[in-house]
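As a starting point, one isolated chain is supplied in structure tokens, in the form predicted on its own.
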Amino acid sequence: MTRLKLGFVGAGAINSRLMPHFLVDDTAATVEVIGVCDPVLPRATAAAERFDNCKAYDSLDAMLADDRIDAVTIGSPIGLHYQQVRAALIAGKHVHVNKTMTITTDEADDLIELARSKSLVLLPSPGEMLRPHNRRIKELIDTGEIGQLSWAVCGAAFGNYHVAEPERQGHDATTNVDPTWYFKNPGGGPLYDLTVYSLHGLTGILGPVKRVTALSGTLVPQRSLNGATVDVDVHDNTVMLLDFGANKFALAYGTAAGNITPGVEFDFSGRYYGTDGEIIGLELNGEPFDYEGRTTARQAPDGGIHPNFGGNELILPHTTEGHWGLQELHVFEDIMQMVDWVRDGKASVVTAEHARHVIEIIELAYLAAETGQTQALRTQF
């Protein structure tokens, strides 16, 4: 294979931020974007015009019928992911899917088996264990640098950030992307959209969860979106207790407001407390710990002090200098993990099995909150 032929499913906020990465010389040498589909055809057309020989489609079926396309990256609302990934796999396409891969564990089972049966790569975001600091945190805990792990905490607060995004403020097809789905079932709410990052990092560092219990509900029943009132039918305020076995526990949250670290909108990397010390963000017992790429991260404008943003985005494997000024570097990295897997047979640490485990945590947390009963997980990774 010379260049992998890629199609974008969705031309909304996330994919519009990702497409410029594929115009950078090093990426364009390995990936050719030849298709974009979106139900708003002018949006797909505007995106396709960025690339040579790229066609716009107003339906997924039409794009999947294009035999030139080897793989797709799916950046549509989460509630659509299962059916769209399944259609792409049936069409023989390799798939990267933005978080979260599916809503239910059974859906994830189906996609994993389908990809396996057709020898196709299925790679879901978020790839939190691609981050050097998360790998280093795992190593520090595993080697006893904080003694025996006692508990951990991580999560994210929903806030109003989707409403304020620039892609949603205008009046034409490229700037009036509707954020309503974030507040609707299926697939809306902070767990599927934000806490999923925290759970991937937490479980990548500590391993699979054995049991989950939770409290959950809707705190803000109505939202104002560009002058319109939207009824919220998702839970926007959830706190989970996770049992990793051997009396090691964690708290993970997806809430309407508030974060454990002041001034940090999303506390994805979390805090880890042991019998002989603690890891908070990028510090071990109050002092910065070293990790691969830290020197480069510290040279960024933010000083490399934010675990999941700024300088620490610049040290992901495929983030060369040509990408530094672009957005969504972590999602771009996940797409390139799929590209390497398909082109070179280089398997990634990012797996659909890990994503399925996180999906089961979320699904069972909602069930635990509804029933008042702790739920046992069946999946591993």
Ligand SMILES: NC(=O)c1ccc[n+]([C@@H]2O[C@H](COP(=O)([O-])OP(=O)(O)OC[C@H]3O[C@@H](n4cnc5c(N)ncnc54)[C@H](O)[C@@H]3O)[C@@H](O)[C@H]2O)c1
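Computed from a predicted structure; not experimentally measured. In case it trips you up, residue 1 is the first one in the sequence shown, and so on.
Below: the form predicted in complex with the ligand, not depicted.
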Worksheet item: Of 98, 203, 216, 213, which one comes within 4.5 Å of the ligand in the predicted complex, counting heavy atoms only?
Response: 98
Response to the item:
Answer key: of 70, 340, 32, 328, within 4.5 Å of the ligand in the predicted complex (heavy atoms) is 328
Discussion item. Even though the partner isn't displayed, in the predicted complex is residue 190 close enough to the ligand, meaning a heavy atom within 4.5 Å?
Written reply: no
Fill in: Contact of residue 84 with the ligand in the predicted complex (heavy atom, 4.5 Å)
yes
Fill in: the ligand contact at residue 46 in the predicted complex, heavy atom, 4.5 Å
no
Item to complete: Mark residue 110 yes when one of its heavy atoms lies within 4.5 Å of a heavy atom of the ligand in the predicted complex, and no otherwise.
Response: no
Discussion item. Taking a heavy atom within 4.5 Å as contact, would all three of 241, 244 and 270 count as contacting the ligand in the predicted complex?
Written reply: no
Discussion item. Based on heavy atom distances of 4.5 Å or less, which listed stretch (232 to 240, 217 to 225, 172 to 180, 110 to 118) is in contact with the ligand in the predicted complex?
Written reply: 172 to 180
Discussion item. With the ligand taken in the predicted complex, which residues across 142 to 166 come within 4.5 angstroms through any non-hydrogen atom?
Written reply: 161, 162, 165
